[in-house]
Ligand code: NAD
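There is one chain below, alone, in C-alpha cells, taken in the form predicted on its own.
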Amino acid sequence: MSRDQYTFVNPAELYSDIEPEKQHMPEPGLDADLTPTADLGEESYRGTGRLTGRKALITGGDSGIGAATAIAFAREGADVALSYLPEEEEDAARIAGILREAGATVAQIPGDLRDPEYCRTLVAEAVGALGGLDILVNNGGKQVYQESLTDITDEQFDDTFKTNVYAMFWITKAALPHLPAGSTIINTTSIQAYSPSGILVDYASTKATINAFTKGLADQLAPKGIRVNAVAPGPIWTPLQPSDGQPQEKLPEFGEDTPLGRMGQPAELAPAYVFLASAESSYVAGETLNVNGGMPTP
C-alpha cells in the first residue's frame, strides 16, 4: 500500500523493517553510502501547495534532514537553494534532480560553512538565483563523538562551533536585509540541547546555544514580522551517525531507548519544517519543536 505523510499508521511500528547497521564513513558521510538507506520522503511526501511562491535557502540540504526538508519544500511549491560541502556533490545532485522534478527552481551552492566569506556569498547567490529569499533553514551541522573531554582537540571544538553556531550567525546576519515581513527562519537544534550525552559535549553545547540564539532572535525580529523557530530532532538516521557521530557499537541499537522504541527517519522531520515555514504557524515564534520519538524535554 502506498503511504504519504497523511496516512494513518502506528508510529511504534513504522519503519520496523529498517534497522541500523555498523558501518563507518569518513566525514561528512553520504546518503548514497548509507546502509540501510534513509527515508527522505522521495516516494512518500505529498505536497498541497503550502509554500507556493516561497524562496528557501537550506544548509546541509544534500542529505538527511536537510534533504528531506528540501524535497518537502519543493513539493509544497517553494524554490530552493542548497548549501553543502563540495565532497557531497553526489547526494546534492540527486536531491536537486528530485526538486526539479517537482517543478522547483534549484540553486546548488557548495562550500564550507566554517568559512565566513562563503556564508555571506551563499546568501547573495541564493537571493540572485531565486529572485529573493523568505525562508532560511540553518541545518548544516558537525557531530563527532569523543569518549573524553581530553580527546576533543582545539580544532574539533572550533570546527564544531563554527559549523553549527558561527555559520548560523553569519548566514542569518547576511540574510536579514533580504527577508521581508512574513519570512521565517528555522534552526536545527537537537535533543542533545536538553539531554546531552557524555560523548557529545561539544556538539551538545552548540545545540543549547542554538536554542538560546533562536529564542533571543525571535524576540528581536517578531515586531518586524519575521518569525524565528527551531526544530529539535532526536535520534535520526542520517550520514551524521556512522561518520563518527556515534560509536560503531552503538549503531545497531540507535534510537531504541526512545519511548517509540526506534530511530526516526528524515522524512518524519520534514513536516515540522514545512509547518514552521508556512503561514499556518503565523502565531508561532521562539518555539523549539521537538521531534524525538517521545523523549521528555523542558
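Numbering starts at 1 and runs along the sequence shown. No experiment lies behind these values; they were computed from the predicted model shown.
There is another form of the same protein, the form predicted together with nicotinamide-adenine-dinucleotide; it is not shown, and what comes next is about it.
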For Ile65, is any heavy atom within 4.5 Å of nicotinamide-adenine-dinucleotide in the predicted bound form, or not?
yes
Whether Pro28 contacts nicotinamide-adenine-dinucleotide in the predicted bound form should be assessed with a 4.5 Å heavy atom distance threshold; does it?
yes
Although the partner isn't part of this model, could you tell me whether Ile226 comes within 4.5 Å of nicotinamide-adenine-dinucleotide in the predicted bound form, counting any heavy atom of the residue?
no
At 4.5 Å between heavy atoms, is Leu85 in contact with nicotinamide-adenine-dinucleotide in the predicted bound form?
yes
Just to confirm the contact call: exactly one of 149-157, 215-223, 182-190, 73-81 touches nicotinamide-adenine-dinucleotide in the predicted bound form at a 4.5 Å heavy atom cutoff, so which is it?
182-190
Proximity to nicotinamide-adenine-dinucleotide in the predicted bound form, single hit among Leu99, Leu113, Ala175, Ala126 (heavy atom within 4.5 Å):
Leu113
Exactly one of Ala272, Ala267, Leu57, Leu240 comes within 4.5 Å of nicotinamide-adenine-dinucleotide in the predicted bound form through a heavy atom, and that residue is Leu240
Of the residues spanning 265-298, the ones with some heavy atom within 4.5 Å of nicotinamide-adenine-dinucleotide in the predicted bound form are none
